[in-house]
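Just one chain follows, in the form predicted on its own, and it is written as structure tokens.
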Amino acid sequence: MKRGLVLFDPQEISASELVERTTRLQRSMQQQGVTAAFIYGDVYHSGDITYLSNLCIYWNEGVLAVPATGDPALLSKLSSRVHPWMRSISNLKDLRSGANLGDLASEYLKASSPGIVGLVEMDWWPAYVVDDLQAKLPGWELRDLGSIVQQERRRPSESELKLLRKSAEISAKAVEIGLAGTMTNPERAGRAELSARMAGVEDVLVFCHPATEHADTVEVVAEYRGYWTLASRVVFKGSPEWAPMLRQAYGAAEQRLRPGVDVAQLRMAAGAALNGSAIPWRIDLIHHTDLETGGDYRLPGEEAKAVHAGSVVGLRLEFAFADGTHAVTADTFEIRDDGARRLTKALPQVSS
């Protein structure tokens, strides 16, 4: 369950910008002959719904129904008692609650002649929900619309970039506080989470754990106003032989960040710096839209795509040791025409 602060501040994202996001989706739907688009969301994976409505799925599950023309509606298993709050923090007026999403969808479409219902990222829908929709919507074609919303989200507007920069500032500050002094890992986690919560995040994941007996890792993934960012650093208790390799490999990958780069190129850069080290390692490049799920919900082939100018991404390098512990270094970057700008600026540069 998300227990953080949820706001709808027109000074940050205007109501007209939310409308324009929906309008772009509807234009695409009209071109494809889609009567309505359904976007599934739960507490773990609901960024598309937040993007279009500013709504936070803080618990349970729901579907944002977007007609080819007109205003969206939320079909949700959340209690109707939260409808006043949901209206106050979103641009939605039509909120419908019930025990079964298939029944809610059938009721929503009852006035429309059977046509095409587009399911956004259908591959990630729970199978039982898709099966129920097929049973409850006879005569309707269910069509996979793929990542139609997320592709728009990967081109953040200037107002979105401001929120992403603020989110990155919060993530970095939480890690910085977790690094300070001599603390146990539970104490590091508590300090880091308190910092992020006090800064107004909706959700935050804090990972503080050993990296062999010689170091600890502090990693924070935070959501601020629906925008996720990542930061991590290692606290060294001595001078383990792998420490310079971690810095050099991460620095080499960071130097390679620019428009057109993909994770394979970053892997080559980091691998060259490691010079055949036997330590198992993994490097990842995660769009801010995928940080919500730690990159777990990327569609097949998505991970290999190159990033473009204007993207905001997390760069994450992980060493895995024989004792089962891990060392993680990570930052959030804005990819610009002239290279990459590190947004987690409160933290020291790894390669320095």
Partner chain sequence: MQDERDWRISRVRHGMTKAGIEGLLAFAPGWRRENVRYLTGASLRGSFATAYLPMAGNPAAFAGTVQDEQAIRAHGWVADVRPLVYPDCSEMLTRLRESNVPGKLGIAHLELMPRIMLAAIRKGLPGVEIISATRMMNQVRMVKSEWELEQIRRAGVVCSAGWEAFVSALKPGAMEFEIVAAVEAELKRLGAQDNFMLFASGGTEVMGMSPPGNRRLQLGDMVRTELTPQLNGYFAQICRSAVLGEPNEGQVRSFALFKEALEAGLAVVRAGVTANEIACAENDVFRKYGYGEYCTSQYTRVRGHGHGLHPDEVPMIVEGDQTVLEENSVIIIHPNTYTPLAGYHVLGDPVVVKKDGFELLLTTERKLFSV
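This is a predicted model, so every value here is computed, not measured. Positions refer to the first chain, counted from 1.
Below, we turn to the form predicted in complex with the partner chain, even though it does not appear here.
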Quick one: from 99, 135, 127, 278, grab the residue that has a heavy atom within 4.5 Å of the partner chain in the predicted bound form. 127
Using heavy atoms and a 4.5 Å limit, would one call residue 176 a contact residue for the partner chain in the predicted bound form? no
Touches the partner chain in the predicted bound form: residue 260 (any heavy atom, 4.5 Å): no
With a 4.5 Å heavy atom cut-off, would you call residue 236 a contact of the partner chain in the predicted bound form? no
Classify residue 306 as contacting or not contacting the partner chain in the predicted bound form by the rule of any non-hydrogen atom within 4.5 angstroms, answering yes or no. no
Is the partner chain in the predicted bound form close enough to 3, 131 and 187 that every residue in that trio has a heavy atom within 4.5 angstroms of it? yes
Determine which one of 306 to 314, 63 to 71, 288 to 296, 25 to 33 lies within 4.5 Å of the partner chain in the predicted bound form, judging by heavy atom distances; exactly one does. 288 to 296
Given a 4.5 Å distance limit between heavy atoms, list every residue of 12 to 33 close to the partner chain in the predicted bound form, or none if there are none. none
